[in-house]
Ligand SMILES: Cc1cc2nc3c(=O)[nH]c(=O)nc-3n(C[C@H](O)[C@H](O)[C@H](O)COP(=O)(O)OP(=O)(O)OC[C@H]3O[C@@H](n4cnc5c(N)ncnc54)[C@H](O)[C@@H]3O)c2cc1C
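Single chain ahead, by itself, as structure tokens, in the form predicted on its own.
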């Protein structure tokens, strides 16, 4: 059988591509290897599905640090406002929460997934689950269709690859799309984990003395080897048995990965010895968890426990507290000001004994305490694996994709959308916005090209 458009992958971008292609008159096949559609979408946003983010376009792009500018054309066609209108038009009422995150009023991702699948069916899309694709067929510089693993061939002049990256593989994202892209002549930008918890070999992490401690409204900074701040994010942070997690740790993860990669490159070129990086640091950031830690490569991080206050303010406030309760040991005085489990570590780093009282406080060491409250050091030596990441960094090289249509510049009739592309954003509705936007653009463009050929 022949279809105008074949969409491979029934996730966020694939479902939206099928909706757009069928809405623009194409006869569409949506094929997925799994037994149900929208699996990753169904667990997104903690099971509530953060469908998009309400920020203005320029702010939206800033929160997609992985090549967000590539999306200007796609977002102009189908951006966050259109995504909201699309879902509300299907009866899915949305609500805006903190930082522009848009959720269904039902707080159930299933309502979003069900609405999309219902829309696809209503528009006559032929859905085939449990139908893994073995290869995309090419001939004479253009797409010819697909071959299923069963051996069956399905013809089409347009194939949309929407199979995701390599993150959360139990939802079906196993990297199939990269192989098909390479066979079409595309280059794949090296894959790496993003939006992923950080690993640390610090003694207080290994001893688990802070495990489970959650900090609210703090900031986390990533520094390079020359002491320059690379990025800073403010929000919530969680100490784990292996390192750091929580929203701001996830947002900083891609920058940690890139710094580790730089250290690896320096090591390979011989510059690593001068920088104190061992040759073993060549164990890349996408290696199994713990590999980078074993190599000795470390990226400096600092946690600011009071982002809105200066060192001087912290010094004055804490010293006043100690004076007010001058008979108490400082470890007890600070309990209302700092997270109790962190106090021994903070005092140790400042060179202060826990039993000191106000009359015996050395002022220089107290200033050091204020400084460490503003910049508590943590060395990151890796991340969890790409399979454990929320998002895949790297992917199909965007220089080889037309941003207006999502069509390959190398193979006519081949389109890409979603996480298979070298695009990644922070959590908070940005990745799903990119998926819906590129999916809609690919579906619309493929259908319009197919309809043009039929005339």
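Small disclaimer: the values here were computed from a predicted structure and weren't measured. Residue numbers count along the first chain shown, from 1.
What comes next is about the form predicted in complex with the named molecule, which is not displayed.
> Okay, which stretch from 347 to 355, 130 to 138, 108 to 116, 241 to 249 lines the named molecule in the predicted complex, with non-hydrogen atoms inside 4.5 Å?
Of the stretches listed, the one contacting the partner is 130 to 138.
> Only one of 168, 305, 191, 146 gets a heavy atom within 4.5 Å of the named molecule in the predicted complex. Which one?
Among 168, 305, 191, 146, a heavy atom within 4.5 Å of the named molecule in the predicted complex occurs only for 168.
> Counting heavy atoms only and using a 4.5 Å cut-off, do 34, 162 and 180 all touch the named molecule in the predicted complex?
Affirmative, all three are within 4.5 Å.
> If we define contact as a non-hydrogen atom of the residue within 4.5 angstroms of the partner, is residue 416 a contact of the named molecule in the predicted complex?
So residue 416 does not count as contacting the named molecule.
> Is there any non-hydrogen atom of residue 428 lying within 4.5 Å of the named molecule in the predicted complex?
Looking in the predicted complex, residue contacts with the named molecule include residue 428, since a heavy atom lies within 4.5 Å.
> Even though the partner isn't displayed, in the predicted complex is residue 176 close enough to the named molecule, meaning a heavy atom within 4.5 Å?
Residue 176 belongs to the contact set for the named molecule.
> Taking the named molecule as it sits in the predicted complex, is residue 50 near enough to touch it, meaning that at least one heavy atom pair lies within 4.5 angstroms?
It does: once the named molecule is placed as it appears in the predicted complex, residue 50 has a heavy atom within 4.5 Å of it.
> Scan 1 to 35 and note down the residues that get a heavy atom within 4.5 Å of the named molecule in the predicted complex; none is a fine answer too.
Sequence-ordered list: 8, 9, 10, 11, 12, 13, 14, 31, 32, 33, 34.
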